[in-house]
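A single chain, nothing else alongside it, follows as structure tokens in the form predicted on its own.
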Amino acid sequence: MVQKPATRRANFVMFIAPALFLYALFFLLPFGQGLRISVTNWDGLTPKTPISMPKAEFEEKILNRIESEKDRDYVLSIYTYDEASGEYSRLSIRGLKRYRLERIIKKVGYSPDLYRDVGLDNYRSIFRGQVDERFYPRRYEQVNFNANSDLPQEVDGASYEKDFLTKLTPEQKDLASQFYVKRGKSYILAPGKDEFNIEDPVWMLPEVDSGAITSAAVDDFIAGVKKAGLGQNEAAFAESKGAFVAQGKFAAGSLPVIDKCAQELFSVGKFKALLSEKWRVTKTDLGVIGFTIFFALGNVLISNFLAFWIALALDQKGVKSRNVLRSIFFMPNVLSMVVVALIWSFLFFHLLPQITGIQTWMSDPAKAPWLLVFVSVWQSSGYYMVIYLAGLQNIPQDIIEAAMIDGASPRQRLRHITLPLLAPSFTVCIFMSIANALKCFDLVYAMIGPSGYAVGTVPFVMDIFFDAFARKQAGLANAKAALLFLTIAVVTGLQLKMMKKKEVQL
């Protein structure tokens, strides 16, 4: 039976209407609310309508400004006056009642201090570099030693030589050689230069042991000499030593001990100041933006390259147990990303340090970004492999056989037949890998957490999470989320357009 056009249209509307309704309810509405919040300074907690207000303030700022008697009665039905506290308190409301109250409160021009419209200020702050400096790629100077700290017993030989000794004059190198001696791949502090060993003879003096000289006096003497040593202040050094000696009648054998201790501590201070000044390294912090780009590029390039070659290898008929191997390669994708993170965290923090002797893995800014890319590729490559396998198995065998009869080599068949006919698979895999990498959150949060800022491994989504829930900047977080959505839409849109165009050309 042929349906009338009106009937067909009605059926189509009945079929598509529920989907459109759900789309509007669960995407368009939250998305619109996010955009609305992004132009405010909302802290994520303060409600749009006050929960309670003093009577005079409530009447002045809200009640007396309502022009409609109907709106005024509605507000008074929501807020009740408590004579004991002298405040108006709001009842718990939700849904349409809450939206109506918000509309009335906004109409009279009232808004809480932490929920005010700021226009595009959040977006301007992001583009002008006015948010947390860790959001942007930057160069910074890492100080490897703090002058107020004790000298470490052992230092890394490679960094000590490259970043410290090479910057010293011959005289300064002579001073450094008195403190650290090379042993294997490390430099060890000379026993005579340990501050505890230097100070100990003063604490063992008979005058201190008998109580003639108080512990506080010894502490002041040592602290004064150390401070003078750091600043190489001869006058302050002489003053601290003289003040200590003047506090009591020391035996003749005690004075040389005091003098030696003071001279040694003064020398240590000089070396500490030199170590703090010279042992610095200029490093690059990828920041949130830089790491997100690095993570996305690494995932897209490595995971697709690896997945393609695994699929190509497992598509060969001569490979034994290829179905078992396909299952093994796909297995990591079955695991939850949090489980994957916990497994690899155990390996990086406990197992690998014991096996390799290298103690820092995820806590090393030079290694952590690469390790996160590695884990993500390990987990996702199996999924893309299945898509490439499906594409390979859809290539007509008669084309391959014809090319073989014509004498085409395996490389020529790969270049001129396999790769062009796999263009749809490449389109899908690259699209999914870009979107997934830019939205990455659970893997990095489970493996690194908030300490990711210290090693430069915080992706965009995790930074948005910390803005919203840790820094109480929900407005800024929504602005970043809107920019991320726009970035993903533009990047994936351009990628789809270019790849689809390539498919048509092929």
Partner chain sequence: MKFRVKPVHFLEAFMIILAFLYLFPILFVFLSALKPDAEIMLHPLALPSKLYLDNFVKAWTVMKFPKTVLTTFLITLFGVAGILLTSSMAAWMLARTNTKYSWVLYSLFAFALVIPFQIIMVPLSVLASDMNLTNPQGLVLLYWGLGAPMAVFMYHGFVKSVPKELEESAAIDGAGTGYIFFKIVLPLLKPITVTIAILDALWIWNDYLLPLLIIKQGTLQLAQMAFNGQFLKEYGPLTASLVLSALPIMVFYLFEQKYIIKGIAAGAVKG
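All figures in this text were calculated on a predicted structure; none of them were measured in a lab. Residue numbers count along the first chain shown, from 1.
What follows is about the form predicted together with its partner chain, which we do not show.
- Contact annotation for K241: none of its heavy atoms lies within 4.5 Å of its partner chain in the predicted bound form.
- Not displayed here, its partner chain is approached by P332 to within 4.5 Å at the level of heavy atoms in the predicted bound form.
- In the predicted bound form, no heavy atom of K55 sits within 4.5 Å of its partner chain.
- A residue is said to contact a partner when one of its heavy atoms sits within 4.5 Å of a partner heavy atom; S381 meets this definition for its partner chain in the predicted bound form.
- Only one segment in the set 292 to 300, 385 to 393, 161 to 169, 67 to 75 has any non-hydrogen atom within 4.5 angstroms of its partner chain in the predicted bound form, and it is 385 to 393.
- Of the residues I105, A176, I258, M432, just one reaches its partner chain in the predicted bound form with a heavy atom at 4.5 Å or closer; this is M432.
- Among the residues A228, I310, I417, L274, the one placing a heavy atom within 4.5 Å of its partner chain in the predicted bound form is I310.
- Contacts between 334 to 356 and its partner chain, taken as any heavy atom within 4.5 Å in the predicted bound form, involve V334, L335, S336, V338, V339, L342, I343, W344, F346, L347, H350, L351, Q354.
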